[in-house]
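Heads up, what comes next is one protein chain in two forms, each shown on its own as structure tokens, labelled structure 1 and structure 2.
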Structure 1
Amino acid sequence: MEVVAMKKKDKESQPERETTEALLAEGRVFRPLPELVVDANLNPNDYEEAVQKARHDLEGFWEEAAEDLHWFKRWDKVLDRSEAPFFKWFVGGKTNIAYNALDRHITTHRKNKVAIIHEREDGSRERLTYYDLYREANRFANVLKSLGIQKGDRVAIYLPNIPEIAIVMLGCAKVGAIHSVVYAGFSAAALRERINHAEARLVVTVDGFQRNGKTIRLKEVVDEAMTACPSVETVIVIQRMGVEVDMSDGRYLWFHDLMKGEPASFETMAMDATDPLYILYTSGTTGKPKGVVHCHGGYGVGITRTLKWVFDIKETDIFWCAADPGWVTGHSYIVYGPLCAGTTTVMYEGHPLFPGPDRMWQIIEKYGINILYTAPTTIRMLMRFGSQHPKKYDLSTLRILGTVGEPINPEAWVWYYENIGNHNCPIMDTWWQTETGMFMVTPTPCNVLKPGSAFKPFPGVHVDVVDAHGEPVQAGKGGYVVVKEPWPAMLQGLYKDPEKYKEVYWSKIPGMYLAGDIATKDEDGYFRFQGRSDDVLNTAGHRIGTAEVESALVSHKYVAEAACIGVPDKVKGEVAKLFVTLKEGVEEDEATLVNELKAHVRKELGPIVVIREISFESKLPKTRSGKIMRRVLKARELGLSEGDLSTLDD
């Protein structure tokens, strides 16, 4: 294995193309800059020690990580396996993630440190110190109390990337309510489904927000959802854009009116480590989203330790996770992780291309950001606009880069490394999931990197690649991604569906957590993730179940049957291609139908579904028992072998 040191290159003498080719050459790997290693929270020796310690004493390793947090009462048992696969961490321990994110910093030098930098699309900004955020979260906790919201009640949060989302999430955590954030790009139907499944008593939303030069009137989506949400007693509306909203429904209340009357102090509730903190719905292989549950204790330990080690968080750092709080990346690494680690977290409300493709680089320069964590789709999209945009800005404050959500192709990795990191910043390709809560397979800045590989499992995490019987596969061979031992930020189950939790994750390869991904490991043990093994699309790092798209389609009056497959896309990774059979007597022309069906899917599921093409068929390939064989459609589409067709009917 040939090792090259990352070092500052003289761009004049080293043309971009030449370096890119050299870096992509087989066997090339990247060793971190010595100055970065010297100051790292974890040097290569520490890393090795951590790996060894975790291998011999998994519980001791995570127990040590838990010491970083505040506990009202220490745990009696680190890991309880007695009800596997419902593993419980830090049993008997009392804590609260909001106390760790806010309250404990208030008595330290962090009291007046900036907790959140918020950038609006129009360039205006807002900064909240830890003390400001603490007081606001306390006020909101008091609002919740005065509305009668209690421990265990569900609160749906339908908000974009604005500071209030953190205030509301933390306020919920403080009173022990369980929040369910619904991404602000989801439709009224998707929001309603999630509110009803969680039986939320309260919904928090906003009048509108800025996105891509437009004002998105989010409250109107809530109005539409609210027509059939019987559990909701109150809807709190944040006034942000000042657009006119209809508040005539007796359930609607203004956030500012409620907050005004509340004191800024609140005694944060001591929660059991295993008490639920939130539900986050994610797509699976059925038409219904799954409610992944995370808790206060183990989740807090897992995200804090991974963030500190992987992004090497320093007291003076400004950390920008350019995701949305509506996804798990935002929960773990915009809100809870950075605040528990006491760092400054950046929230950007707008679109990365607004008003131009240099927007992200401008934000980095404006705040002197040290760590940037984003998705491969964003990198590929910005790469298409060329390196002249980042070159206009001073990006020299950057120390570490990261990616998440989908496989990163080596070309994008190298572009990111050269043009954004200026050959100085290691790239942390972090593989994880809504269910895992925290990074699982990831390097740290002291590891040797290979472009396109997420390195190896984090210390104390036992991810492997196995065949259908659970046997490890040989180097270079593809297999299923599994986790063989519990980890602290693991999901606590699926909300209201313990059987499904067992069936989806723990039954196919007994004794192991099945992630639903395919990967290879090379001879050095480096992972390369290839994508999903199940019927889940990954568009721009977002999961969409093909079954969800199909059930949205068949709810249209003209559609008889539908099949959805993922097809490769240069920027978004994967997008949807749909095959549709129509009911008899439909007379619209094809172009009208395509537009109508696209609009229908958008209305049912929201703009996250990107449809490349809709193909109208006279019939779809099916098994004799009537199941549509998406595999056959996909093979045909990609020009691959159709495989075993023995079950194909006709």
Structure 2
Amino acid sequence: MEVVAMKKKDKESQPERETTEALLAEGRVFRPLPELVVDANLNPNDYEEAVQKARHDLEGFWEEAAEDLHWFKRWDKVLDRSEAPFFKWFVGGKTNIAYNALDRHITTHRKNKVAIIHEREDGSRERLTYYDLYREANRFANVLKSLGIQKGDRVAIYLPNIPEIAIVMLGCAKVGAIHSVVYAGFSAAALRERINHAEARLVVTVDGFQRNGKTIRLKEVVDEAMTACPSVETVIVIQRMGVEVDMSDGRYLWFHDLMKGEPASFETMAMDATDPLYILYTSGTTGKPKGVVHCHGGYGVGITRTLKWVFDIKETDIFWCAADPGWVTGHSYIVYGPLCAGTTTVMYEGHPLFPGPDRMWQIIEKYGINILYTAPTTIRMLMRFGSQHPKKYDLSTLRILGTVGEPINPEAWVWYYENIGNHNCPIMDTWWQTETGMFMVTPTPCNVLKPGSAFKPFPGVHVDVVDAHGEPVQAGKGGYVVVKEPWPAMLQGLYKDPEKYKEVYWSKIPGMYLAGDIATKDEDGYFRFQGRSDDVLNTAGHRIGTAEVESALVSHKYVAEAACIGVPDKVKGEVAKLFVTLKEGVEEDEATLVNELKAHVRKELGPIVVIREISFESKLPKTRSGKIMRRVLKARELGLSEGDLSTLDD
């Protein structure tokens, strides 16, 4: 990729209408490599044509995308707006996402292609071909049927990043059951709350798994949760670590015993396109969890089209989404998306720093991975240990890189590009949510990139930045992120709570989906996300995204990671407290560093950011998926309740 410096245009002033300040200026642009563009699934001309088609014929654009999937019955109507905001896609159509992920590949050249490569933390590995996975999912579908699980029944899945989680998810989809995956880091109380809200009849778990050099005894958490889960009739336990577990409860059955006697064939159920596929609970660590519902049809169309175009999936690619199936990233781009696209997907069970900070690069070399999709927090964490670790490994098979989870600052973007991509791999910085189901704002490999920017909305997706009245904000001003038109992978509502769905997402700016994030758009229409709308400093009337302050800090040569929170101030209203993790080997004394970092932030962002204090930390509180838990820092600082800490990594 070619890097070019661009001069920034002056920003005109605009009256304050609850917009945010855009303080960071980034002038570098990276142009796509010609050899990548030539072979791309979507070249620059195709991209522009797709944008125009989607703009003028939204339904026709997504109808064409739907042709990539198998339908038992074609739809009668592409999009039904009659009960907005409960939009319905491909109404009257019949399909099944598991059929598209497995069954249709078995009669093709993909039958014996590797579907899943699984790496355990101890370095041992498993490989499942599409035919292997198909037969295992069929067996599990037969297990479900034998247990009386029917279409519409809820199945809670409490499993780590192991192949069985894909088998169970796909088996549920085959019989029409609705699965609800609960991240394996949640506590017994959080698990119980989700099981009871979904009224799950069945729970699937494991005796234990490997994490950070330890055996996590997951079934013991289930035992605690089961003391008050009246809807659960059966608990299936996968034997993985061979640890001793109590199976005396009459509801508990071994996975291997149930699978042993079942046939490897199963007729996958034809589901209505609008039938629910899964419930995924979100915001459980910040408030009462909301059960986001996604369906078979539109969701399958959205994730398949976005994966093929954004990551330019080729038949020979090995794709590693280094997330967890417990989050939507894992649902869409570890399990369902890659399998629908017919690619090989990598699953890693362990911690990215175990046994050392070179673990991810070792895995890339070991399997010749072509595409890496990971979180900015993981990149910043690995930056802390320096560039010498990736240099020890052959990363030349990488073709495309990606990021997901929260905004990536330019410094981390460039480090990733230079040290992992060796200046050759475009970075697909994607913005989307549990609720959106699929990438919403993202580049493709044929686009010109700017570090720290997620580019523009994907063709067929109408995302904008507006003020509190729903009016588009001027270039360079921050505002609320909204979606102005329905999209196929959109949530179908909140489970058992249609009124909350309307209130949370559609009532504050009528006629628009309110994402809850803030962003800016520059003169070229590139989006730069600033974080959640509640992660904003309100200093003397200026609204500043905390992500910008963190980004400015991480651009300093000594800083590996940073978190910014707002603390009350009698004069300014709110000022910043910063938590900083330094790179290895920094020897300057704290007082000097504090002054140096304050001066650096002032230079990067101007005097508008008032810093009360900088605290140096050996590590920051994070979820096991790598997100910094800023609310924990804020609660500790203000002496408030820290809330649910079950997703805390340490």
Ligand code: PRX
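We call the rigid core whatever largest set of C-alpha positions still superposes within 1.5 Å between the two forms. This structure is a prediction, so every number in the text was calculated from the model and none was measured. Residue numbering: sequential along structure 1, first residue numbered 1.
The second of the two structures is the form predicted alone. Relative to the superposed rigid core, the position of the CA of residue 45 differs between structures 1 and 2 by less than 2 Å. Comparing the forms between structures 1 and 2 on their rigid core, the Cα displacement of residue 219 stays under 2 Å. When the larger part is held fixed by a C-alpha superposition, the smaller rigid part turns by 136° between structures 1 and 2. A C-alpha shift of 9.9 Å is found for residue 577 between structures 1 and 2, based on superposition of the rigid core. At residue 565, the distance the Cα travels between structures 1 and 2 is 6.7 Å after the core is superposed.
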